[in-house]
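Single chain ahead, written as structure tokens, the form predicted on its own.
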């Protein structure tokens, strides 16, 4: 498979890990848009949130990891943003389910 995130999971491409368990990997985004910008991905390849099997437990595992990471990063006090994009028009550039955990600054709505 030619998925960059699968290659990161397999250790073929380095990353700055901030969290890992048997289901989830989280690492710093190489092009951060906030002081804290972490990508959280499942270790199983799923193209997007739209493609998640509703009988799967992967979203629970991802959100458990997000809570741990947000606490470790000190984001729980002032808040943070979680974003996932589905499809090219929404800005999904890697076809592997991932969530952006953003924090450490104020955000506006709607985003640009």
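Numbering follows the first chain given and starts at 1. Please read all numbers here as calculations on a predicted model, not as lab measurements.
Only in words, not in the display: the form predicted in complex with ligand AMP, which the text now covers.
A.B. asks: May I ask you to state whether residue 4 is within 4.5 Å of ligand AMP in the predicted complex, using heavy atom distances?
C.D. replies: Because a heavy atom of residue 4 falls inside 4.5 Å of ligand AMP in the predicted complex, the answer is yes.
A.B. asks: Please determine whether residue 92 contacts ligand AMP in the predicted complex, using a 4.5 Å cut-off between heavy atoms.
C.D. replies: Yes, residue 92 is a contact residue.
A.B. asks: Does ligand AMP come within 4.5 Å of any heavy atom of residue 67 in the predicted complex?
C.D. replies: Flag for residue 67 set to no.
A.B. asks: With the cut-off set at 4.5 Å between non-hydrogen atoms, does residue 85 touch ligand AMP in the predicted complex?
C.D. replies: Residue-level check for residue 85: yes, a contact with ligand AMP.
A.B. asks: Please state whether all three residues 31, 37 and 100 have a non-hydrogen atom within 4.5 angstroms of ligand AMP in the predicted complex.
C.D. replies: Yes.
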